[in-house]
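Laid out below as structure tokens are two forms of one and the same protein chain, each shown alone and named structure 1 and structure 2.
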Structure 1
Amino acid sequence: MMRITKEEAASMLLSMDNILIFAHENPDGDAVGSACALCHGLISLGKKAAVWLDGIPANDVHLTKGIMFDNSFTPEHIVSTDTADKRILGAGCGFDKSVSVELVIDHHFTNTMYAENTYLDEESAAAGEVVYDLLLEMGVTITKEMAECMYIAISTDTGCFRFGNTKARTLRTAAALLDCGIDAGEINRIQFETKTKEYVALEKMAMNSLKTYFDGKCAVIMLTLDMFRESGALESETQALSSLPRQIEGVYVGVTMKEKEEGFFRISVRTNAPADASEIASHLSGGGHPMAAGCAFVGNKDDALRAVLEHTENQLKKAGLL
């Protein structure tokens, strides 16, 4: 359980062969992109390496082409990327979460140091950015294929360079990836500018469900099982909806409630300062960051809403906003 430097991580990887790479469960673009870029890099050095990922977003499936684990070698080393906690490790293909992870490459300051070795750069916006530095350190020539993986990783975690985690260094790394010949405009069109018909139908229902409370300082979107059924949209498509209520002028607390099963809700809380999302979520046994947090609720729709509004009201008062 040791924290190691980039140089140490690079020399460790250079000494490995037969490497299996996991990322976190329900992988997003950064999980898929960082794992696949690392895998391609290792293969380019003549090593046997593969990724194993489950539930990949449709737009990212192509990144795993040719490198998904297919039992063509016996894994000797387990590496993970973008995974802060063992409990969310997306293990599989004969391994489970109890597997010993030899090296994790991550950017989450919340990393629990579960791996034997942790190479962590909290200053990076995405695990894909950490992998980029590591590949260069290992002497890998960045191919267009690797560049696309890391571009998707970084653009996913920065909201395509919108969020505050986008540093000058992030933009320079992205520039270097563009230099490798990727068509970033087309990648972005697919990743950020394309919605399925089913999602559009759900988004319409979500907009119609939007209600504001506390003099417009809180906005709530409620997505019921019926809405998912009627629209045909998948829950994995609905991430962008979480940021919608907070975008409304004057809103400090934006809440998106998703009914996952009868009587079970996943609740996303997004705030603008000085309101603190993690405080609201923690009162409902959840957690997260000051501006983005989440929790679950067991009960009916009205009770779920009442609970959220109660803690939102307290938070607005505490922050001097009510």
Structure 2
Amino acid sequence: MMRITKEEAASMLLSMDNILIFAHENPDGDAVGSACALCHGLISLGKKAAVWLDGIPANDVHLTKGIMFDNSFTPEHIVSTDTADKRILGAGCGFDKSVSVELVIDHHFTNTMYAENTYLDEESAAAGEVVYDLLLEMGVTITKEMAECMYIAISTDTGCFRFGNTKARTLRTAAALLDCGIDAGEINRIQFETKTKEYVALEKMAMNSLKTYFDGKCAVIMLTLDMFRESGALESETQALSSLPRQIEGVYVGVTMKEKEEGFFRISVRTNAPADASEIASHLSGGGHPMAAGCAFVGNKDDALRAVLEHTENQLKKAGLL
């Protein structure tokens, strides 16, 4: 397991062919956008490459047009993007999580170095930003199609450039992508301002479930299977819900608990400084960034909530907030 430089990662990719690209399970815009941009870049260099992504958000499905793996070649190299831990690798096409990943391209400082080679840039706001630098290093001419993929990746992980991970470098990269001819206004409208009626119904139920703890410093919303059934909303529509609890005045830790199946929960943690989301998630075998992290829990709703609150309380105390 080796950490490598951008130049070494570029050299590796240039030496490969028949490349299959994965990202993490339940891929968000950064996972989809970074994987698809990398794929398009490799194809532009004359290589056979494809992505495999499952559970793609509806607004991002179009990015995979023509590049989803269709068995037209036999994969010889496995690459992943935006995936910090092999336990959340969204493998498919006859592969599972035990597959040997030759190269991972990531920006999570919590990356477990599970791949044979890891190109990690923790200073980047998104994996899409890492891929942008890598494509340039490889001599790829950035097309409008690639630019849209990477803009969606970066804007997703920065909350449309509102989060603290947005740096001057991030904005310069976004500006370069706009220079490729993408319509950022329309992309932003679709990504951040368009909601289905089903999602609105689910959001209302989610907000009705909201409870606060520790003198209002923690807020939790719960999405149950019954809510999904009643609203008709798709899980791929729910990414925006993760940020809602943190937006409440006085809240330092916002938690969204999503029941995926009976006895299994996906948990998103969003924090305001000085609370650290990654520390909370790490105690539940998860990880992420200081302001945004995630984990999973096997058990009933009460036990899941109890576990999250225990580690949230410890984090609030550690941060001097309790």
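Residues that one form lacks are left out of the comparison. Note that the rigid core is defined as the largest set of C-alphas that superpose within 1.5 Å between two forms. Please read these numbers as outputs of a predicted model, since none were measured by experiment. Residue numbering: sequential along structure 1, first residue numbered 1.
(request) Please let me know, 1 or 2, which structure is the form predicted alone? (result) Structure 2, not 1.
(request) Identify whether residue 210 and residue 166 share a rigid part, assuming the chain moves as two rigid bodies between the two structures. (result) No, since residue 210 and residue 166 fall within separate rigid parts of the motion between the two structures.
(message) Treating the chain as two rigid parts, how far in degrees does the smaller one rotate relative to the larger between the two structures?
(response) Rigid-part rotation, C-alpha based: 14 degrees.
(request) Just grab the Cα shift of residue 277 between the two structures for me, core aligned, in angstrom. (result) With the cores aligned, its C-alpha sits 5.2 Å away.
(request) Go ahead and list the segments of at least 3 residues in a row whose C-alphas all shift 2 Å or more between the two structures, with the rigid core as the reference fit. (result) Shifted run of three or more residues, which all move 2 Å or more: only 201-322.
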